[in-house]
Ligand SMILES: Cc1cc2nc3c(=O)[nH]c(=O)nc-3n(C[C@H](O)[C@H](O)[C@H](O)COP(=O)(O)O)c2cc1C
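Next up is one chain by itself, shown in structure tokens, the form predicted on its own.
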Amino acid sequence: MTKPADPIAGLRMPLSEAMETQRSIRRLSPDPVDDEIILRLIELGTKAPTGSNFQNWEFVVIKDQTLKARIGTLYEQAWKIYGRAGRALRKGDEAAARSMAAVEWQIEHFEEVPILIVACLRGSRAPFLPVPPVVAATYYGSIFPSIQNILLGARAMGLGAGIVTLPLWSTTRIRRLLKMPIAVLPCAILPVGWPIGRYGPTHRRPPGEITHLDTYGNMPWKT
């Protein structure tokens, strides 16, 4: 895919087009991404809804190749377990095989990704105590709308991006690497760069197959 002459102008893309052609892009060129573009993405992230208007996002932008390589090692360690299980569970699934191949490519080239954005939340949480799902959903409710804004902005500007969480299997190690205080929780990593390949329409199940009316199992729109 050719790098746009004016990426920020791409934000004029119709929202529906960005949403309908958005996908995780894991194969990224090592070509640099301007600071102006990254800061604009983060600015878009801060426009997302935030619980009680706390605005408790924090973002760590990583360019240092040594740091990227060390995070990549954590990614690889987790993938050895997760990937093995995924291949066993989805044996014969060609779409899953392509997705896993893309992940493996990303792991092999992780330190070459031009930018990693670590999306974090600032504020207390009891990570070692069992909590009801609603508590976890409330806690993370500010960061994932913000991440989606960043991903849609990246799509509109012609950048490749996606969500990576496997390197965060040890938040203690990530905190040490990035010198994070205990009050800041890393929630996701967004590798960002110019894509190798192209965006295109995604293929999903029709909404009628996943939508229930009033009670679960009542699916009047299913064809």
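Start at 1 and count along the sequence shown; that's the residue number. Everything numeric here is computed off the predicted structure, so don't read it as measured data.
What comes next is about the form predicted in complex with the ligand, which is not displayed.
**Q** With the ligand left out of view, which of T165, T172, N53, Q65 would have a heavy atom within 4.5 Å of it in the model of the complex?
**A** Of T165, T172, N53, Q65, the residue with a heavy atom within 4.5 Å of the ligand in the model of the complex is T165.
**Q** Would you please decide whether H212 lies within 4.5 angstroms of the ligand in the model of the complex, comparing each non-hydrogen atom pair?
**A** Contact with the ligand, no.
**Q** Hey, in the model of the complex, does W105 get a heavy atom within 4.5 angstroms of the ligand?
**A** Heavy-atom contact with the ligand at 4.5 Å: absent for W105.
**Q** Contact between R155 and the ligand in the model of the complex at 4.5 Å, heavy atoms?
**A** Result no; R155 lies far from the ligand in the model of the complex.
**Q** So, in the model of the complex, is R204 in contact with the ligand at a 4.5 angstroms heavy atom limit?
**A** Heavy-atom contact with the ligand at 4.5 Å: present for R204.
**Q** Of 40 to 48, 65 to 73, 156 to 164, 173 to 181, which is the one stretch near the ligand in the model of the complex, taking non-hydrogen atoms within 4.5 angstroms as near?
**A** Contact criterion met by 156 to 164 only.
**Q** Using the arrangement in the model of the complex, list in sequence order the residues of 11 to 40 with any heavy atom within 4.5 angstroms of the ligand.
**A** Result: R23, S24, R26.
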